[in-house]
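Only one chain is included here, represented as structure tokens and corresponding to the form predicted alone.
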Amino acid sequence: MQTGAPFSFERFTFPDLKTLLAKASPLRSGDLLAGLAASSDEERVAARFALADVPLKRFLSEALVPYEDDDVTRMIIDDHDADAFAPVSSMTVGDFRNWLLGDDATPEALKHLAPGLTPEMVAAVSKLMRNQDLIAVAKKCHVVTAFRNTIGLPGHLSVRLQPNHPTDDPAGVAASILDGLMHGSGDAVIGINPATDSPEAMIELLKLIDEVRERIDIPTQSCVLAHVTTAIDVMARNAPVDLVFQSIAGTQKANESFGITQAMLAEAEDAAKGLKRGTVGNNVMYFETGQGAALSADAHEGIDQQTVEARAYAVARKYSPLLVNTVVGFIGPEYLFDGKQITRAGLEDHFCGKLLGVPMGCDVCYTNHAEADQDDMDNLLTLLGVAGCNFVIGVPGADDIMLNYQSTSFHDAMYLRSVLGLQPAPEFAAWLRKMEILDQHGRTRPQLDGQAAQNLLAWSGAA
């Protein structure tokens, strides 16, 4: 009888939480670029076994970035709600995973738990989960916000209408707004990335959106995605600002690279709330994030890109935003190489944000040099719809001609609502029915010969 080679063992050691979290992460190109990824599948599995045994309480005593060096760490620790944390405080990461997937983790229980969780806790548990686990738990997390309509209700899917134009041409922007509205998009926000970040350009675009909103009484909100300091400037000039935008990240250094501080965000939130432009709510902030943002600024502090991304959601949570959007594949294949990595990242980001009580949406997207295509985006879009994503992005033809990347189209949002039986935000859906854009069955079937549609077409032609 022949015997095989002797069985060998390999020992792996993980000196601290930062290393353990990085080695347990699913493979992605950004962590390889940063030199943080596990060296083998065996090391990755060993890290996950070790991570499953880590008590959740350890994340409150071992900071990934020192408390005295980083204002995001200070925010996470200082704002932690010990009472909310109490029901899971005795659990390990593995126990927490099992609890989340069980019947006791109801939507109400998860809502009360959110202030007691830190980004590092939710990032850790996500690393022990398959894609279906991320979907199943996120589906139970209902994060509802409001401004002129109500976003995030179960059974609803909102869409950001993104009418970008490479020169901010009013006619081009208006044509894209018309296209989106006639396809039932725009309830999350009509949000423009300006070609020029200046107060004058921002004011002109805000006036353009506000004119059509007031002319045909659209229950939605507008946003021009200029820097927060530009928004503060134009609010002082009485510009019609609904939502204040800012890109954010998960370390102080990364946010400084964006030219922002927490004091700036607080000032902008106070100024926008003071305008009292909301009708059904007063969530006035719109944040965007994305895995790889901190690393691309060399400001990740040695943290793996998924964990540092989750820390950005703690920044967002501080300011009670209407919308938080992970622009999941935008930064490029250096950070998320292919469709598989983009899909995993999108599901992780949505799960982590929702578990922290953040109103998560997702720009399901990729750059043209990534190993991904529109079929990959179809897959992620569908999975996020099942997971209860608050909103997605609508771009004419799915091709953003100003930012030069591939996203999702108005038709993609129609598909998702149709196959999953989802509706727009209630107030916006009522407006769509009045405009004869939604039919009696809730389908997007615009009646172009109706008076309401003719009014919209007339505005677009005038613009």
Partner chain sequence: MSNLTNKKIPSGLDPWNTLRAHTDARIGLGRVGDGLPTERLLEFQMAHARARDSVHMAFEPNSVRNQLDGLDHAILDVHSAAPDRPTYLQRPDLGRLLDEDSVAALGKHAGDYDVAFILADGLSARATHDHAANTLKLILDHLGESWSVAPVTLATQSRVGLGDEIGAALGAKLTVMLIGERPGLSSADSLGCYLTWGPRRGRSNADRNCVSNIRPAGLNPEKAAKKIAYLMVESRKMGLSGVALKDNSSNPELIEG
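From a predicted model like this one, the values you see are computed outputs, not experimental measurements. Positions refer to the first chain, counted from 1.
Although not depicted, the form predicted in complex with its partner chain is the subject of the following passage.
Contact with its partner chain in the predicted bound form, defined as a heavy atom within 4.5 Å, is made by none of 66, 252 and 287. A heavy atom within 4.5 Å of its partner chain in the predicted bound form is found for exactly one of 339, 240, 333, 116: 333. The single contact residue among 278, 219, 385, 172, judged by any heavy atom lying within 4.5 Å of its partner chain in the predicted bound form, is 172. The candidate stretches are 48-56, 421-429, 66-74, 402-410, and the one lying within 4.5 Å of its partner chain in the predicted bound form by heavy atoms is 402-410. The shortest heavy atom separation between residue 366 and its partner chain in the predicted bound form is within 4.5 Å. When contacts are judged by a 4.5 Å heavy atom cut-off, residue 257 does not count as touching its partner chain in the predicted bound form. The shortest heavy atom separation between residue 414 and its partner chain in the predicted bound form is within 4.5 Å. Looking at residue 17, you'd find every heavy atom of it more than 4.5 angstroms from its partner chain in the predicted bound form.
With contact defined as any non-hydrogen atom lying within 4.5 angstroms of its partner chain in the predicted bound form, the contacting residues in 18-54 are 29, 33, given in sequence order.
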